[in-house]
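Below sits a lone chain in structure tokens, taken as the form predicted alone.
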């Protein structure tokens, strides 16, 4: 279901179900890396045996210089083998962790593009960026260095303890006596580490979102002289992030010294009891030296235990956050066997009622409307449901069965992509990319040639202003079109929509920042476009709608009137009020007189004529 939010840490089986297929696909690479790691550990285990032979031989005067040179050559050969194989396991296993990171990042990005508007209303861009950066790095580290360290520690521990037991079982039991204390300590600290690291990742998301919002709105911050206040807020968030990071650091700071301390206790036990055994002749000096060498090899796994636990806890926490997003499902599910649809002749709304996800109050109520080729205007007060209606026509939110039809086919039975390809949409806020003007206009049809791009720009009354830039259509407009004015941004977005030549053109109040002269030029092209296509224009400026085939008046989510300009002046109080306001300005007395005048039956007949 959409909107799932699980704050409980995911289990290892759940994590494996998510990343297991990637491990299976790279199983030969991982196997080869583990074999190389195993061979390295075996080579390291042989070295203390060689030292034992050399020490015992020297003590017993049974070796000469030639044998010592052979022992040294063997140790050098083992060292060279270890160096080569260490490179191999690092390349294979760390390389696998990077491949896993790439696969998860690609899957996350692909999944995000499949989610609908309801999801992005709940999740900020900063949170999603944090998932694809900080959280994904934690997963990569857990499946790379964490995996290596865990396998190495497990193999080395088993092999070292076995070799120690071979030398003397009682001394080995004394050496591993402190290990249960380390296991219990690690278990307690790991649970706390998980909890605090989850808070660290959440704070990092907030920090990322604040930085993104400040940079995107830098001009507004400067105009309102809010730089100092924004810096103060950013500092508060940063200090909270540091506070939780320091808590994580404290836990990590306990894990590593605890491992080292227990390792040193083991060494102390071995020196005391092992030394007495050498004195009594129970074990040889060479065996004692080899035993201590194996104990030093066991020290690394004990110390790695805390580090591996830290990496895995971080990885599991971050993987749970990524899984939480991957478990999201769009409310608007694509129809797998949906019908394709050709050029629309009619769009029908039948008792259309809609409420946004998580809200009880409907934004649209019982709307019945037929839309045919030509210009349909939609007007109404703020909050009347105009943009919501556009969003439903653009198939950004689901509608109930039997409420929205295209060519008499229910939209829920039509292939979603086929349905969306019928239209081009110009939203209220122009969505532009940090690239050239030409690429922004050609976004929906990147293979389009320059002539078609310029024709669309001329239709949107922006061509001459584009050519005034030093690089013309190759001008880089910056993040969200920061180089352009509001009117220029809107007209470039309109040119992008016109370039598609889609049979349905949705314009959601996208000419609000355009001057009257440019508006007249644009409307001339739109009226020509509307001769063969459906153009649905949301606006509170009535001048562009005088030639509309129909104008729909919305109020509080209901369709209250439908007709042409002159008809609505006579019959719709809302439309008449908007018209009076725009015609006569904000003078209250003049507005009242005008409204009384327009309410007169004789006046209505004259307008209708």
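Since we're looking at a predicted model, the values are computed, not measured. Positions refer to the first chain, counted from 1.
There is another form of this protein, the form predicted together with a small molecule, and it is not shown here; the text below is about that form.
Only one segment in the set 358-366, 448-456, 228-236, 92-100 has residues whose heavy atoms sit within 4.5 Å of the small molecule in the predicted complex; it is 358-366. Heavy atoms of residue 397 reach within 4.5 Å of the small molecule in the predicted complex, making it an interface residue.
Though the partner is left out of this view, residue 198 does not reach within 4.5 Å of the small molecule in the predicted complex, counting heavy atoms only.
Residue 383 belongs to the set of residues with a heavy atom inside 4.5 Å of the small molecule in the predicted complex. Although the partner is absent here, residue 417 lies well away from the small molecule in the predicted complex, with no heavy atom inside 4.5 Å. A single residue from the set 124, 428, 134, 284 has any heavy atom within 4.5 angstroms of the small molecule in the predicted complex; that residue is 428. In summary, among the residues 252, 387, 436, 412, the only one with a non-hydrogen atom within 4.5 Å of the small molecule in the predicted complex is 387.
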